[in-house]
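One chain follows as structure tokens, the form predicted alone.
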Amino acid sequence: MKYNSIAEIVEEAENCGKKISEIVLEEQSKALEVSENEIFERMKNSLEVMKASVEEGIKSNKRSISGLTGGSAAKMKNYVDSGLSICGNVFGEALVKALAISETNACMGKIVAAPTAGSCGILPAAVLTVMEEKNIDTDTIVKSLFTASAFGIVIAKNASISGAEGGCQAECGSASAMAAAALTEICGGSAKMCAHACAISLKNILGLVCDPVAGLVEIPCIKRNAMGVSNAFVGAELALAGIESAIPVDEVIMAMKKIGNSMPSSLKETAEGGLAATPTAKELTKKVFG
């Protein structure tokens, strides 16, 4: 992708009077030398995989190979369907989907890395929930994934989307920021609003460490996906209300990079620090590996 900053993407969209997804689709078509329709269909297929991973993850008898996780999505679904959810159906369903997709990943099922396997539940949960709850057409949802992917590419170029390199802020943080931008476009927000949504959501997760128990993408990763989709809705809602990030999104991305560089290796996917170093985590590790 030719864009090196989100500011460039926003400027291009505003100058052309188009949505971010539209200019990204055009740019990708030229760069890959294939038709826009072909690229669109590829992304549409990814959306179908996202849907299938939700259905697979909701099964109550699903357990990960390690035995550490499974069944949370089914429990959350039952709770939401009971009508007892504190925050309502949209929020509850988003949590269900984020958990379901993450559990599908832990069970070695087919998922879309968005942008990584460890953060795979956040973006799909956000867009699929809005799609269902607000009866959004499929084309609009697919287009929003191009906006999310463009923002993710910029983050990867200028910082990182890897927990091993930048901590969980680089995985769940990036996914949450991408989802916030997608939600904002879906709900009629401008290109500039998408940028503010991305910035707000990414700011909220700055400093989040990557400390997987037993070195597996399960604890605390799966529940962090639920947290990440919640944060994406926060960023989108604030941006759509006209609230702006005081710090421009590209500066937030650079701040994330510097924070990641400052983290000790024990907090970057090595399972040597944080939650992974707690007594209970060590016992769980022994249970898995003997």
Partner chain sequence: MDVFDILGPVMLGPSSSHTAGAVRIGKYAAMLLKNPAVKADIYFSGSFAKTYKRHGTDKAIIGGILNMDTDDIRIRESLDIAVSKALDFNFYKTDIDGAHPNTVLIELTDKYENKISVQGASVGGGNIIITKIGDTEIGIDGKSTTIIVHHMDIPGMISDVTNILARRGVNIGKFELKRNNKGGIAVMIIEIDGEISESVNDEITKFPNVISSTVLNAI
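If you're wondering where the values come from, they're calculated on a predicted model, not measured in any experiment. Positions refer to the first chain, counted from 1.
Omitted here: the form predicted in complex with its partner chain. The next part is about that form.
Here the chain stands alone, but in the predicted bound form its contact with its partner chain, taken as any heavy atom within 4.5 Å, falls in 114 to 122 among 203 to 211, 74 to 82, 186 to 194, 114 to 122. Contact between residue 220 and its partner chain in the predicted bound form is not found at the 4.5 Å heavy atom cutoff. Its partner chain in the predicted bound form comes within 4.5 Å of a heavy atom belonging to residue 32. Taking the partner from the other structure, its partner chain in the predicted bound form has a heavy atom within 4.5 Å of a heavy atom of residue 42. Using a 4.5 Å cutoff between non-hydrogen atoms, residue 110 counts as a contact of its partner chain in the predicted bound form.
Contact check for 69, 126 and 199: none of the three has a heavy atom within 4.5 Å of its partner chain in the predicted bound form. Applying a 4.5 Å heavy atom cutoff to its partner chain in the predicted bound form picks out 56, 62, 65, 66 from 54 to 70, in order along the sequence.
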